[in-house]
Structures are given as structure tokens and as C-alpha cells.
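Quick heads-up: it's one chain on its own, the form predicted on its own, in C-alpha cells.
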């Protein structure tokens, strides 16, 4: 993929839109994801629209254009390859790899990205279970569903975690809610209360907003 150089801010917005997945993405939700004000997010969307990277549908949100999807896939590839390297080779704590990889991705030249991919054996998923785009931007859709949507009594396997905040990842790690883990939904409290899960024989409470980050099958 040959793409023009983009600012770190632009890459962060495009990556966040790709990670959220559901399009169009509400600008308020994008702002929350990135920890910025809605005003800042709106201004950035205006600029990205002028560059042909997103389209804006009033009252619905923003969608990546083909050019935007290609650019976002390029950022995700760098991010997730670094996650693999940090976790498997440097033995960095699982909960911290996203944050560190995020710093590295912006300074990674295409030649380094492809050398890294070859060194790692061209992995298909990152340690959080999310797909790694190939050199052409293609990847298998993640599939599965949110843990939040899982019925009480169901036993499921964690396929991926698409959270990015280190404190959220740390909480899930400490509770054993990691890719590959089997868990059972024991109870769903009313009025949007937490889920009670059985994880490794222990009961764990998980709020619905956090359960939304956990993709299961």
C-alpha cells in the first residue's frame, strides 16, 4: 500500500473509526473514544472530508471512504504488528501493549512494517484477537458478537477484545477475560446493571459498557 504521509492526529482518527466498526460512526462516540471534545472531533471530520477520507451524513455520523479505509487499514497493520512483537518477543504485559504500540506505529516506515511482518511470520491476529490487515489492506472480518448481547446461561469463548484504554485492558486482564478464555453469563442485573460472569471458576462483575468491548463466539 502506497499512501501519502499523514499526521499522527489524522491516523488516530482513522484508526478509531476502523476500530469502532459500525458505520456510520456518531461523531460524539468517536470523540468519546479518543478523549476529545465533540467540537474538536467535528472540526477534524470536516478536514478529513476535504481530504476525501470520510463522508458525513447529517444526524447519522461519518463513514470512511475507500481511500479512508485503505489508510485506516495501513495504520491498523502497523499497530497490531507491533502489539505482536511487544507481547511475544519483548514479553510486555498484555494490558500495556496497545499503548506502547500506538506510540511506535506513527514512526514506522513501510519498509520497516513489512520487515516486521516477515520477522513475525505474517501473523493474522494481534494478541487482543483482532485481525491484522495484510500488505494490501485486506483482512478477515472479526465476526462474533459483543458479550453485552449474550443471554444469561450461555457459555461462550472470548474471541477478541477491542478496548484500547490501558485501565480497561488491565481490568479485563486481572479478571481473566482474555482471548481464548471460556466464560459463562450467570446473571444480568436490571436497569443496565452489570453482568455476573463465571471465569475460571470465579464470579466476576462486568459493566455493560465494558462488556461491549469483549467479542465472543
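Everything numeric in this text was worked out from a predicted model, so none of it was measured. Positions refer to the first chain, counted from 1.
FYI, the form predicted in complex with the DNA isn't displayed, but the following is about it.
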{"item": "4.5 angstroms heavy atom contact with the DNA in the predicted complex for residue 44", "value": "yes"}
{"item": "Contact test in the predicted complex: residue 56 vs the DNA, heavy atoms, 4.5 Å", "value": "yes"}
{"item": "Proximity of residue 37 to the DNA in the predicted complex, heavy atoms at 4.5 Å", "value": "yes"}
{"item": "Contact flag, residue 9 vs the DNA in the predicted complex, heavy atom cut 4.5 Å", "value": "yes"}
{"item": "Candidate from 163, 27, 158, 185 lying within 4.5 Å of the DNA in the predicted complex - any heavy atom", "value": "27"}
{"item": "Which of 57-65, 177-185, 145-153, 163-171 lines the interface with the DNA in the predicted complex (heavy atom within 4.5 Å)", "value": "57-65"}
